[in-house]
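Just one chain follows, in the form predicted on its own, and it is written as structure tokens.
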Amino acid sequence: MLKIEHLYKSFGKKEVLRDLNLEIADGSIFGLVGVNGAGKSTLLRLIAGVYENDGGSILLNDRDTFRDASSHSDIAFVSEEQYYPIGSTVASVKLLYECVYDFDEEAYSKYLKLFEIEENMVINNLSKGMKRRIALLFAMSIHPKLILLDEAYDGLEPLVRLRFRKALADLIEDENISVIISSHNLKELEDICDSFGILEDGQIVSYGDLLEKKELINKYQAAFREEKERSAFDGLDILHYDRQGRVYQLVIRGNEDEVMEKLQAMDPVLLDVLPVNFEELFIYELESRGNYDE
């Protein structure tokens, strides 16, 4: 389990993360989302032990990920930008991984074929997408307990994305690892993640089971014989409100049956309910805090 408590991180006078708390269970794929500059990459680097935190703790299976060097071999970090020494080949990078990690030759051979990579490739001559494939190849070949993916799908072709998702799901099932994925493509995250967290103003402001959260937020469209003021909907947890004459579009957080009962008591002439997707959940959560600008 990854457990983060009261985490703080600043760069000079700029406070990036403050009193951040988060727990991620084994076998979970966690989607980390937030607007640009929210601190997602900083958080991933702190978890990986690249940065030292200014306060609080980050523990992977009760080991400090910065101060306990034994934890580093259990973490695979695929950063947004890939950097390799000039002239490096896939084979030469493999030598480094074999020295540092619990390297699995069988898994390595399997992912070479899956990602269509050749060992004699000179990495710096390759495209961004190919460099991403190579990073994923090594991350999945070292028996990690935790994989950190910053913009995981960036540069990957659709077919490679599908192969990667399937391979990642198999790895989680076989070895019960945890994965944290940061991405701006919320549709991609929705297809693979079972839990999520929204990072805003240096804190995780909402997190939990993705399916459960989505089930608690729905879009309702209601029409009434007479116009109603917003105060008529007091008592409902409204995340988004829009009115066009006597037709109201409402995004409401709460049990669907209970919300429908309250709306039906207002005698609507039309009442429909629609589920929200992950992108909408993200937008409405920020909008409800006054921090989303269309």
Partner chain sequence: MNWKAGVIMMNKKYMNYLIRNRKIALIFFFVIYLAMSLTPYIHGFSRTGEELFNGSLMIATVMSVMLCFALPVLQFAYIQRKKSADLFLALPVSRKEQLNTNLLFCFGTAFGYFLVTTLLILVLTGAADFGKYLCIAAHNALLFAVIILLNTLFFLIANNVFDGIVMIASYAFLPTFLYLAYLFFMTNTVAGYTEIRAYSSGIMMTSPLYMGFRNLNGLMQETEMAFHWLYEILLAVYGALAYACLQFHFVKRKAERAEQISNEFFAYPFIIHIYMACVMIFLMERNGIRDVLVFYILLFVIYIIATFVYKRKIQLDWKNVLIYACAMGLSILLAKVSWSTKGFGLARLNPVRTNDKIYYQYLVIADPNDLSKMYDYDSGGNDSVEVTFLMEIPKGKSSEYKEEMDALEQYRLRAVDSFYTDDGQYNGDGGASFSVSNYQSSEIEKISFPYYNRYYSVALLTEDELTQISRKADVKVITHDEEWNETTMSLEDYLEMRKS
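Residue numbers count along the first chain shown, from 1. Bear in mind that the values here come from a model prediction, so they are computed numbers and not experimental data.
Although not depicted, the form predicted together with its partner chain is the subject of the following passage.
Of the candidate stretches 209-217, 74-82, 154-162, 193-201, only 74-82 has residues with heavy atoms within 4.5 Å of its partner chain in the predicted bound form.
Between its partner chain and the residues Leu126, Leu112, Leu96, Ala167, the one pair within 4.5 Å by heavy atoms in the predicted bound form involves Leu96. The partner is absent here; in the predicted bound form, the one residue of Ala48, Leu250, Ile29, Ala38 having a heavy atom within 4.5 Å of its partner chain is Ala48. Taking the partner from elsewhere, Asp54 is found to have a heavy atom lying within 4.5 Å of its partner chain in the predicted bound form.
Among heavy atoms of Tyr241, none comes within 4.5 Å of its partner chain in the predicted bound form. Under a 4.5 angstroms non-hydrogen atom cutoff, its partner chain in the predicted bound form lacks Ala232 among its neighbouring residues.
Heavy atoms of Tyr108 never reach within 4.5 Å of its partner chain in the predicted bound form, leaving it off the interface. Contacts between 1-24 and its partner chain, taken as any heavy atom within 4.5 Å in the predicted bound form, involve Lys9, Ser10, Phe11.
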